[in-house]
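Okay, so here's just one chain, in structure tokens, the form predicted on its own.
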Amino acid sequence: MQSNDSFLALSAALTGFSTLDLLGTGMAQEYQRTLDATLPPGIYRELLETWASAGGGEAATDQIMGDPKLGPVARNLIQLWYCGTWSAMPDDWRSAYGTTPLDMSRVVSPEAFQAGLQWAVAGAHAPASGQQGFAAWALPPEGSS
């Protein structure tokens, strides 16, 4: 399995969205680059290898989330998909596994913020990023009842 496929499969399992939904955000490659550049060398690769060697699916997700090294990375990946932000790894994690200059809390890019899954869950779009139409604020979000 190619790393892009593994990354998307892992991301889908972590977020609850399909790989097609994630591809539709246009952010998959940027998020892969973010993880690879932000994490100490080898940890992104270890995350994907652990996912693949555990057979993918719920068991692999549970294994990763329970791992002291990979669990915080997976939680940051979830946040990346939902909010387009990266949170600096915890100090104890950095002491144990290392750090890079890019490991700081930040919005990854304006596009990442706009593509955050939080907007899809809320049935809305990022503020000032889409046209709602006149009086849209008076209508309930799509799918709400």
Partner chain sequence: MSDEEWYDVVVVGAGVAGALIAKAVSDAKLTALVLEAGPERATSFDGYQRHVRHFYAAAAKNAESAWPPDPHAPQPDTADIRQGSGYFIQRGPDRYGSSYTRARGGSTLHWLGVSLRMLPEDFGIRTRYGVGRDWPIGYDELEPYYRKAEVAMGVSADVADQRYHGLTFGEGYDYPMRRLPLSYSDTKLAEAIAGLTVDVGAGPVPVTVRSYPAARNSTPRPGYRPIGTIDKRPEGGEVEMFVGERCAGNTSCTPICPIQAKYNAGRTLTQADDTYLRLIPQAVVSHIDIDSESGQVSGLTYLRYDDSGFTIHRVRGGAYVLAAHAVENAKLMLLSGLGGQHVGRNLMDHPALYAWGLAPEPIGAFRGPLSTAGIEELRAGAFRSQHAAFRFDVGNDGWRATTGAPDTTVAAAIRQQGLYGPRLRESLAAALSRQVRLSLAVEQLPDPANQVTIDPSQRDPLGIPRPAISYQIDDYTKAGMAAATQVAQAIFQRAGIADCTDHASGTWFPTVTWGDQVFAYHGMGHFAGTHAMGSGPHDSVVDSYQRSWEHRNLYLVGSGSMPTMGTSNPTLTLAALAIRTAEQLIASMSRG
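Positions refer to the first chain, counted from 1. Here the structure is a predicted model, which means the values were calculated and not measured.
Omitted here: the form predicted together with the partner chain. The next part is about that form.
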Joint contact, Gln118, Gly123 and Ala136 to the partner chain in the model of the complex, by non-hydrogen atom at 4.5 Å: yes
Would you please decide whether Tyr82 lies within 4.5 angstroms of the partner chain in the model of the complex, comparing each non-hydrogen atom pair? yes
Though only this chain appears here, would Gln32 touch the partner chain in the model of the complex if you measure heavy atom gaps against 4.5 Å? no
Would Asp91 sit within 4.5 Å of the partner chain in the model of the complex, counting heavy atoms only? no
Report yes if any heavy atom of Thr25 sits within 4.5 Å of a heavy atom of the partner chain in the model of the complex; otherwise report no. no
Can you tell me which of 62-70, 47-55, 33-41, 92-100 lies within 4.5 Å of the partner chain in the model of the complex, counting heavy atoms only? 62-70
Contact set, 7-42 vs the partner chain in the model of the complex - heavy atom within 4.5 angstroms: Ala13, Leu14, Thr15, Gly16, Phe17, Asp21
